[in-house]
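Next up: a single chain in structure tokens, the form predicted alone.
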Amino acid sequence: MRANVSKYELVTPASLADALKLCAGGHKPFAGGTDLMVLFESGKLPPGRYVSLWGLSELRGITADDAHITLGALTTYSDVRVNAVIAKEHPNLCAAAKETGALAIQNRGTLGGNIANASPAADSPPALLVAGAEIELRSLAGTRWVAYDGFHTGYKQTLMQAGELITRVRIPRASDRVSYYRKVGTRKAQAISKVCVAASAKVKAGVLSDLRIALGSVGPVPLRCKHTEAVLVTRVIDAQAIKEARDAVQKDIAPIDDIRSTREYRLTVAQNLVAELALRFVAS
């Protein structure tokens, strides 16, 4: 059942400062709308006051300095896909953007909105975790940067406080790394992931170092697989290492049965993907 339009208010602020005032007063942020409009059409979006962020130039743009690549919260998946610096240094994030919905969704969906929506099945969070992303949160009380690893505190829960907006995301500059991204869904396109994995590492003489593996759709939040990472670094990747890594995956994730898949399937696929990425990395 579609929602009753008269029960909603959507305000368009002239500036970020105005948007922050509205959020402090209880308005809820509305960015690209690719998630909220689905809820609205199905009658599941809570009635109330919303503030449209779409026209705020302060939340747009991708810049790079010697230390970081910084993306405005309204950066769309299409913006990410065509950015040459991100494609070279963080191809996982570009791959995630290409896997997100159809072109219309990529043109409208935003990085900040994807993070704030806090779905464990979202496509970009594993890539952001692997990249070592940080999130800028701003409110009338001030601005703070928080590590993305730990930003999600539970299913659909984050570190964000009342009145805060995600305004920017920054990721460290990267070089001399190999990357891996894979999304497994019911279809090859326009499907919510059953399992999603991103990984990157440095490789020398077939040995992995600074390995980062992140998974989505296998727990209440997107997560780093730190037990699995520890098993695979600084050693020869042979059959024993792969076996130990597959066992370690069970310590890192907590998949469930739901409408899209089963716990057993998700666990098996996650283990297979970890084995695949490890072997691919040492062969690169």
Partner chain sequence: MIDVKCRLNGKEHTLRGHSMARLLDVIREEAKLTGTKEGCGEGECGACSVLIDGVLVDSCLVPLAQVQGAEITTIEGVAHSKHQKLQQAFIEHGGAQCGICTPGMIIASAALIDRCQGRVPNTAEVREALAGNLCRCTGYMKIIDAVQAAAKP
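Positions refer to the first chain, counted from 1. Not measured: the values here are computed from a predicted model.
Not pictured, yet referred to below: the form predicted together with the partner chain.
### Query
Pick from 222-230, 48-56, 248-256, 235-243: which stretch has non-hydrogen atoms within 4.5 Å of the partner chain in the predicted bound form?
That would be stretch 48-56.
### Message
For the partner chain, considered in the predicted bound form: do all three of A31, A104 and R108 come within 4.5 Å of it, counting heavy atoms only?
### Response
The answer is yes: all three residues contact the partner (heavy atom, 4.5 Å cut-off).
### Message
S15 versus the partner chain, in the predicted bound form: is there a non-hydrogen atom within 4.5 Å?
### Response
No, S15 stays farther than 4.5 Å from the partner chain in the predicted bound form.
### Query
For K204, is any heavy atom within 4.5 Å of the partner chain in the predicted bound form, or not?
No.
### Query
Is the gap between K98 and the partner chain in the predicted bound form 4.5 Å or less for some heavy atom pair?
K98: contacts the partner chain in the predicted bound form.
### Query
Is there a heavy atom of R81 lying 4.5 Å or less from a heavy atom of the partner chain in the predicted bound form?
Answer yes; at least one heavy atom of R81 falls within 4.5 Å of the partner chain in the predicted bound form.
### Within 199-224, the residues that have a heavy atom no more than 4.5 Å from the partner chain in the predicted bound form
If the 4.5 Å heavy-atom criterion is applied to the partner chain in the predicted bound form, 199-224 yields nothing.
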